[in-house]
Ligand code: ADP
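First, one chain by itself: the form predicted on its own, in structure tokens.
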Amino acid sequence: MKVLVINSGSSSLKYQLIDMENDCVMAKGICEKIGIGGRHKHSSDGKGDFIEDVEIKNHSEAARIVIDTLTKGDYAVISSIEEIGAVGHRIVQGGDLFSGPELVTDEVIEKIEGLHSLAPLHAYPNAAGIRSCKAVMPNIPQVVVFDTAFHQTMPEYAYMYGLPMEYYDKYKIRRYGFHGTSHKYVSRKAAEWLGKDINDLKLVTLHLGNGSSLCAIKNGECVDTSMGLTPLEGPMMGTRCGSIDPAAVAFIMEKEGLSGSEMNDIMNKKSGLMAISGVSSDFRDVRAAADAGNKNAELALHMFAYQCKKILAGYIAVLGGVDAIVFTAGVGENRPDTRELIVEGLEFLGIKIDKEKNDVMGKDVDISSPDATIKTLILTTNEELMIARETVKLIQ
């Protein structure tokens, strides 16, 4: 079966066509600047790639461009739309309405749109992507896979906040967590790597990138995760402040005369690594600046590692021990210096890495020191493949 994976944003539509017989990506690309011009980037396996500026008025036009590119012309990888067995959509926020993948119906789309207040940047664009694909491919099964679904196994005492219960009753204010598709994928991959049943493992997975989250996984299920109601909670990130004293928010708003949306913009887009370093939100740029003697850049890197270390150690306590910790995503897979900073000082827990093994980027590898009692792994994530697998599993 061939599965088309769609990730729809406010002005973009990313896609991958995956052959599930061999997990091969046949083609991938993105339609971006939707409604504000338009650009299409595409790559086909064995046939090269291209970038072209083309007017894309809405998500429906983007979906048609994707299908035309996949089925017609020099970059075609299938002869007709009928070769696509299913479409899997990445959906950011499922609230507490969805604990697993769902077949797309009008009711499901309406529920996703109804979560707009919890995911103001994603709910409507996600729904627009689904509607567009349904219009272009009306006879192909569509499945939605939620970033939040994997975290629905958290116990109540882990996901509730210490706020008046009326805010949960009225607005469902609670921890939801994100990156669930990635955490689920690498936890299963870790079980295979270790040659053990996922139901017998305790893992902490660290999805580290411009957005970062950690997840405590016991017997294959999430028991806690660092992102909360929104992706803002947890360690400091590229441009996000991470967890801070909530009173600091009210204090700054009052002193600076800021609205809620303005403060939210600061916390999400003008904070984190970029704000502390004064250099960039990119770990590579910040590391280069630190190596050149920039003290604020060095501070930013140490802050990030320290905050990840605290959460990691806390999750080991929550799990009552751990079999392995797993680094994944852009920073987790590609920054040896960041990994080293995070695990430094955790030898007393049995976590110790081999610096020579750790000097690697973008590969699946065990970087544990020979005398470590807890495995430390680097495993590349693949959210699109996980979405495709969830899609196939559901429709079959």
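Heads up: residue numbers just count along the shown sequence, starting at 1. Because the structure is predicted, anything quoted here is derived from the model rather than measured.
Below, we refer to the form predicted in complex with the ligand, which is not included among the displayed structures.
Engineer: Within 4.5 Å, heavy atoms only: does G209 come near the ligand in the predicted bound form?
Structural biologist: Judged by the heavy-atom cut-off of 4.5 Å, G209 is in contact with the ligand in the predicted bound form.
Engineer: Does the 4.5 Å heavy atom contact test between G330 and the ligand in the predicted bound form come out positive?
Structural biologist: Answer yes; at least one heavy atom of G330 falls within 4.5 Å of the ligand in the predicted bound form.
Engineer: Determine whether any heavy atom of N334 comes within 4.5 Å of a heavy atom of the ligand in the predicted bound form, and answer yes or no.
Structural biologist: Yes, N334 lies within 4.5 Å of the ligand in the predicted bound form.
Engineer: Can you check whether S281 is within 4.5 Å of the ligand in the predicted bound form, heavy atom basis?
Structural biologist: Output for S281 is yes: heavy atoms within 4.5 Å of the ligand.
Engineer: Let me know the one among V54, I36, I51, M361 whose heavy atoms come within 4.5 Å of the ligand in the predicted bound form, would you?
Structural biologist: It is M361.
Engineer: Name the stretch: of 242-250, 318-326, 126-134, 283-291, exactly one has residues whose heavy atoms fall within 4.5 Å of the ligand in the predicted bound form.
Structural biologist: That would be 283-291.
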